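Next up: a single chain in structure tokens, the form predicted alone.
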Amino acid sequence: MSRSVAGPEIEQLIQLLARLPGLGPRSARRAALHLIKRKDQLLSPLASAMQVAAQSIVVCGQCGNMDTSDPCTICRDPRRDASMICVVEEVGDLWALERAAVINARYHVLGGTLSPLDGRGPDDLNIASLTERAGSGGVTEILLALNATVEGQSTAHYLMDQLEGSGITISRLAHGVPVGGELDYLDEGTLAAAIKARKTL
């Protein structure tokens, strides 16, 4: 049985860090020690930034992006092509496409994928609001920029069925996105190639 080597405040910091993706207990301890050693340069500014973020970040009611305003910066940008909606699984995927700077469309964040095994059905995702946006007029293309996973592909097929008969062109990312690949982990060049070579469904 392992013994605690620090006070409860430090242990809590380690436990919270260990919940972050990619950080296990050992990595969380190293990260916590690094923060504590650089309290003035890192820990205090990070705590302050997280406090501000917790108070000011909201989910955009239109697209599902995270920002400090609702509607978000992207939805309010008049230079965006409102005739195209790029559908992504998570906010991280939206950010990845924005980093690549190859698309000037509006976005729609589903909030995940359909996964019967995990108990995630259509009502658990932002699908109803997508069909509502598609039917509101002015949208001519919906790009399904979903991850090339089994769940991503199943979700894409479900969305195609839901949007059938809408008169809207449905397209999806083409080559460059490997099967099993996730958008947030792809480089900008790969994403750019996939956007440019998108296929109509």
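Nothing here was measured: the structure is a model prediction, and the numbers come from that model. Throughout, we count residues from 1 along the sequence that is shown.
Here the subject shifts to the form predicted in complex with another copy of the chain, a form of this protein not shown in this document.
Though another copy of the chain is absent from this view, in the predicted complex it lies within 4.5 Å of a heavy atom of just one residue from 60, 168, 35, 148, which is 35. Put simply, of 84, 103, 127, 114 only one has a heavy atom within 4.5 Å of another copy of the chain in the predicted complex, and it is 103.
Proximity to another copy of the chain in the predicted complex holds for none of 158, 186 and 200, with the criterion being a heavy atom within 4.5 Å. Mapping the unseen interface onto this chain, residue 13 counts among the residues with a heavy atom inside 4.5 Å of another copy of the chain in the predicted complex.
Residue contact check for residue 41: one or more of its heavy atoms lie within 4.5 Å of another copy of the chain in the predicted complex. Another copy of the chain is not shown here, and in the predicted complex it never comes within 4.5 Å of any heavy atom of residue 141. In the predicted complex, no heavy atom of residue 75 sits within 4.5 Å of another copy of the chain.
The partner is not shown here, and in the predicted complex the stretch 127 to 166 never reaches within 4.5 angstroms of another copy of the chain through any heavy atom.
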